[in-house]
Structures are given as C-alpha cells and as structure tokens.
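Single chain ahead, by itself, as structure tokens, in the form predicted alone.
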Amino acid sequence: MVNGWMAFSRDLQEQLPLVLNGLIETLNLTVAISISGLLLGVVVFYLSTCRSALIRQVTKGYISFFIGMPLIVLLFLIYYGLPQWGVRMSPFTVAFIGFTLNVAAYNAAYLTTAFNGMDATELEAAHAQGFSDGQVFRYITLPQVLRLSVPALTNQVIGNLKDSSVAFLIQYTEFFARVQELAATNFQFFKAYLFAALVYLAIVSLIVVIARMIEKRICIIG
C-alpha cells in the first residue's frame, strides 16, 4: 500500500504542471461565472420587480427554465447542438455562457426571496419622497437584498466550483480533467479522486472563510 502511494506521488509530481494548469483553469472559470452570474442575476431580479406584468412573467419563465434544465444538458446543447447550425465556440466560451445563464437564474431566485422578506412600507416611503423606481432599486432594494443573500450567494459560488468539474465533458481541460488523465496513466483511480476531493475541500474551506469575513463586515456596517 505504501508503495502504491509512493508510485502515485511520483506520477503526480511528473504531471504536476498540467494538474496545476488545470486547477488554474477551474479557478478562472469559477471566478468568471460567479461574477457574470451575479451581474446577470441582478439584472434578472431587477426586471422581476418591474411594473410591467409581461416583463415579470418573462423573467419568471427565465428563472424557472434555467433552474429546471440540468446544467449538463444546457452545456451539451450549446457545445454539440449549435455547431449543427454553424455556431462553434471554444469549450471555455460554452462553459462560460452555459454556467452564466444557469447561475444567474439561481442568484435571481435568491435575491427575490430576500426581496420578499423586506418591509414594503420602506419602499413605499421612498416612492412617497420622490425616489424613482431605479433609485429605489439602487439605493434601497439592491443593497439590502445583497446583504441578506450573502449566505445563499456564497453557497452558489461553492456550487459553481464543484459544478465546474462537469466542464471536462465538453473538452474543457480544467482540474478534474487533468486528474482524470493522471488516473488513466497509472490506474490509481481511488488515490487520484481522493486527491481531487481534498483539493476541492481546501478551496471550499477558503471560500467559506472569506464569506464569513464578508458577513461579519456587512453586519458591522449594517
């Protein structure tokens, strides 16, 4: 057993540059989709509060559609389906678009839940003082729902990190894809996947620590 771990360690050292490159790709994708998913989620949430019933229904449909669709189906639809229509994109671009559409739906749902828990009289008072809909959203609604949604948004970032592992199915060479290659060279699948699990756990722990710091700071400011 000891010899098996030593052999695995040697193989890992040999492929460490590729593994680290894959980890960087995973982090790049996670950061990119977390930011884009939050920004688009805010836009979708804003539209869901619009006075127009049609726009509210459209945004509600958007949220329901992308939350209901499995992420892997969405990625396959873009990566393998669109080329039949002459639309070809790189694996990263496909992953970025697919994840962003999916993550934005979840983030909009989190923000909507927080919004529903707000005191309506506060918004009414702001309108009574002459604030426009845009000003009420920017200065009152958005800051509060973001603060209330920090735990949910943090969980979404963690989910983004973990879900990024499915991107290898559309030929994106992220961390898990490199671990797959490592396991295929020596058939030490248990050791390779255990190593991957520990790396993911370490990154998740770091995200949780950062999120707790943000929550404490927000509580102090609030």
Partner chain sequence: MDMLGILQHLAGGVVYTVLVTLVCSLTGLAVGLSVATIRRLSGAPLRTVCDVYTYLLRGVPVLVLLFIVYFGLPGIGLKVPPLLAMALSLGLISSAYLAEIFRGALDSVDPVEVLAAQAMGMTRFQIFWHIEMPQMLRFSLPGMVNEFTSVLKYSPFAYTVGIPEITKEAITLTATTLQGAEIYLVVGILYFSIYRILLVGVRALERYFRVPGIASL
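Please read these numbers as outputs of a predicted model, since none were measured by experiment. Residue numbers count along the first chain shown, from 1.
Although it is not shown, the form predicted in complex with the partner chain is what the next lines describe.
Heavy atoms within 4.5 Å of the partner chain in the predicted bound form belong, among the stretches 69-77, 87-95, 137-145, 124-132, to residues of 69-77. The partner chain in the predicted bound form is not approached by Leu39, whose heavy atoms all lie more than 4.5 angstroms from it. Contact check for Lys162: a heavy atom falls within 4.5 Å of the partner chain in the predicted bound form.
By the criterion of a heavy atom within 4.5 Å, Gln180 is counted among the residues contacting the partner chain in the predicted bound form.
In the predicted bound form, the partner chain sits beyond 4.5 Å of every heavy atom of Phe115.
This chain is drawn without the partner chain; in the predicted bound form, the residue among Val166, Leu29, Leu153, Val44 with a heavy atom within 4.5 Å of it is Val166.
Interface residues of 99-115, taken as those with a heavy atom within 4.5 Å of the partner chain in the predicted bound form (partner not displayed), are limited to Tyr106.
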